[in-house]
Ligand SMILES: Cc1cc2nc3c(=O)[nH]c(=O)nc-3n(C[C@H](O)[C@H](O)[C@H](O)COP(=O)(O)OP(=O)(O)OC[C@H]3O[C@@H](n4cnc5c(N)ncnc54)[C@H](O)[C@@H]3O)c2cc1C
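Presented as structure tokens, the chain that follows is alone, the form predicted alone.
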């Protein structure tokens, strides 16, 4: 295998979304022919199925969103006739289980692997975590745990994120002597009782997002009819998503039309608000229909610590932080990536931004953990990464493809033929 034109860190939804976009844009054959190397820390494709988007909860997005962007006549066209897509299509405009989305991503991986095997310059390296990424004169060198390095003009970071437990919450839970669990573990297909102390009935949930309300749903179902006391602790206001400003006003939602409305969709609190069953549960709690659940606003760490006294367990729906390997410049000095809230900052063109605002040419980011600036997607007041398979394989993927096309043209020494444009 010659040096690849592109390397990808991670073989999860971010990676497959980029490949779907590249297929739709017509550049995937050239990428595979000139060399695509995917680094995956897990030991096999099968080991990836239980992780990624495999959550035991419904989606925020409509079912159709997960099929948007798949080219019917492209490499991934067979997905549309596969079992996962058929089940997704039957759901119409309703939410679907994220476990079904995980199966769709798995089918995408299978088709990608079949295509990669047909190209001798491309491969997937399993059990190969990237430990460092260094800038070179011609691009980026990715180093693995064995000290090996491979250079390419393009590098795509698509390794997702890891559950985040804020230090203040750790201290508050430790001070109250309460076991602390992240919602990521609770919302997987699992036996929740094995994660909590035996006989736990007084449980605090921290957060104001879809994940927090999904935890409440799961606990209500698990302990139906039992003696259960749930407290939702939130340090941020609880918002609801509305499909337009008029609907938000009619529902009594407080919002700023200049900062809280998504320019692309017209939705209010598109990424900060509750959808579907999470929104319904919140409204039911406000109406007094769930006496076992109390809402408690906490202004600071001391208020959280006070609220945890007497709880049997605390489940933190406190988000994620991106899996970002250490970055270095051409002189092997540390490079700090810019941030957009909890996300790594990515420009309109998909390239990472450094902490000083400068572009890191050829270093791209996609998927959970990367927030693309200037995309027009999401409300301006949202500080974080817009999350959605349709966004990853749609506008975010297109931004990366435009940069990848430039690299392919440079590698070819001329403009590509029309079918790749």
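Numbering follows the first chain given and starts at 1. As the structure is a prediction and not an experimental result, all values here were calculated from the model.
Below, we refer to the form predicted together with this ligand, which is not included among the displayed structures.
J.: Okay, which stretch from 238-246, 83-91, 321-329, 335-343 lines this ligand in the predicted complex, with non-hydrogen atoms inside 4.5 Å?
T.: Single hit among the candidates: 321-329.
J.: Taking this ligand in the predicted complex, would 99, 186 and 364 all count as contacting it (heavy atom within 4.5 Å)?
T.: Contact check failed for every one of 99, 186 and 364.
J.: Under a 4.5 Å heavy atom criterion, is residue 48 part of the interface with this ligand in the predicted complex?
T.: Contact with this ligand, yes.
J.: With the partner left out here, check for me: in the predicted complex, does some heavy atom of residue 53 sit within 4.5 Å of this ligand?
T.: Looking in the predicted complex, residue contacts with this ligand include residue 53, since a heavy atom lies within 4.5 Å.
J.: Is residue 130 part of the interface with this ligand in the predicted complex - any heavy atom within 4.5 Å?
T.: It does: once this ligand is placed as it appears in the predicted complex, residue 130 has a heavy atom within 4.5 Å of it.
J.: Check whether residue 9 has any heavy atom within 4.5 Å of a heavy atom of this ligand in the predicted complex, and answer yes or no.
T.: Within the cut-off, so yes.
J.: Which one of 63, 389, 352, 32 is close to this ligand in the predicted complex, taking close to mean a heavy atom within 4.5 Å?
T.: Contact with this ligand in the predicted complex is made by 389 alone.
J.: Using a 4.5 Å cut-off on heavy atoms, what residues in 156-187 are near this ligand in the predicted complex?
T.: Those in contact are 158, 159, 160, 161, 187.
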